[in-house]
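Below you will find one chain, with nothing else, as structure tokens; this is the form predicted on its own, and questions on how it binds or moves follow later.
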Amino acid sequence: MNTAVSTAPAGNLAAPSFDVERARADFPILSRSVHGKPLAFLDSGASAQKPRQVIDAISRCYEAEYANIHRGVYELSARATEAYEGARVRVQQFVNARSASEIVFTKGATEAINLVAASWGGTFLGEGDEVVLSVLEHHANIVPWQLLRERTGIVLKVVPTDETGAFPLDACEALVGPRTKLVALTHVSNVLGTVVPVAEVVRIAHAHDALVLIDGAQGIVHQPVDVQALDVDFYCFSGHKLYGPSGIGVLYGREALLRAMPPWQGGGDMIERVTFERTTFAPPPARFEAGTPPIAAAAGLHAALDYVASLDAAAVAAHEHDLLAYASERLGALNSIRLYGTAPEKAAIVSFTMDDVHPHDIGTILDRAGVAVRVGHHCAQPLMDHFDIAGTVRASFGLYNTRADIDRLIDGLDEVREIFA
């Protein structure tokens, strides 16, 4: 998809070389109407829409290729097993892991973080050991560590932010010390779009013999991820934000770390031998995938990764940067709007409030205009507390969005102002 097509209306910003209309045609839901208006979907940060290629892969799995995996001796099960493990290899290639055995399938990034906290954290962390987080974190990268703190007495330290929402690397470095065992950070803030300098964080952490876990649920959507180049110890993401299905996610972990970690759930397919006296466990990744896995979702994730890889990554990045710049320009021109998250390095996410209008009211009025945005605290209440607000309106952009979607957002906000004038 490298054909150059300008979809932008007249304005001050140059249009990227990306055939967005051709890409939009791959997403069936974008052709539907909401309340009689064409859909402008600006909530990809919560969950992205799915291209036809992903939908077809899931349908094909259920229609012609479905069976339970690993234990069946019949052809259909063998083919399903091959497809499932093929999806694992595809993820390995996508993030450049050393081995497919470093890829664990989970329900999503949330379960992946809980897995690390319960298994690695529960085994290797004790009273007084420190875990460094940041104020930018999603609840999924806060609550599991609080639960572990209640059980083991670990200490949580929090990297602050400023009014721009930037990630202060010097403040992070000041918090990492001899008791630090793990630095667990988001790659990209789901509220502000702030990009955390992961490679620099890893350098700081490893200099103190601490490990690094990165919540890549937002990061991997907007930029290529090479876990070897980043030198991270754990990296996780969710399929549903990466144009894939819900119900499946990925935990990358260094093989030596995964081999040292005990199971965190017990059941079928994660064992070698079970007696009533004792159980021996399978090596990773099977050790962490108890029970029947998300078979069809793995097929959908494989298709999603193929789809994303088929696009010109630089063109997509330029397109999303243009959307971010255009939205920031148009929202910034409205006197009643306050933007949150203006750090220089950020992804295609904008959060804002409007004078004297509750975010939920804004979201409801925008919905009647066919514009879908997210409102509330975005599972980041500590960050809301930092800004002393209850919530924001968030518009998050995917590769299928256009400047016209942003124009409709602005038109909808004009309607909100008229209603509450």
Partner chain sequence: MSELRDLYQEVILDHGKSPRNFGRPPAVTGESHGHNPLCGDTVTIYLEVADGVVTDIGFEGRGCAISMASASMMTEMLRGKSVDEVQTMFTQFHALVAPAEPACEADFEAPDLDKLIVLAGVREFPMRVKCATLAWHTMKAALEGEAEEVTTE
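Positions refer to the first chain, counted from 1. Keep in mind it's a predicted model, so treat the numbers as computed, not measured.
FYI, the form predicted together with its partner chain isn't displayed, but the following is about it.
Using a 4.5 angstroms limit between non-hydrogen atoms, H358 touches its partner chain in the predicted bound form.
In the predicted bound form, its partner chain stays beyond 4.5 Å of every heavy atom belonging to V34. The closest heavy atom approach of E63 to its partner chain in the predicted bound form falls outside 4.5 Å. Using a 4.5 angstroms threshold between heavy atoms, R52 stays clear of its partner chain in the predicted bound form. A single residue from the set I29, A46, A390, A67 has any heavy atom within 4.5 angstroms of its partner chain in the predicted bound form; that residue is A390. The putative spot formed by R330, Y340 and T402 is not touched by its partner chain in the predicted bound form; no residue has a non-hydrogen atom within 4.5 angstroms of it. For the partner-free chain shown, nothing in 60-78 comes within 4.5 angstroms of its partner chain in the predicted bound form, judged by any non-hydrogen atom.
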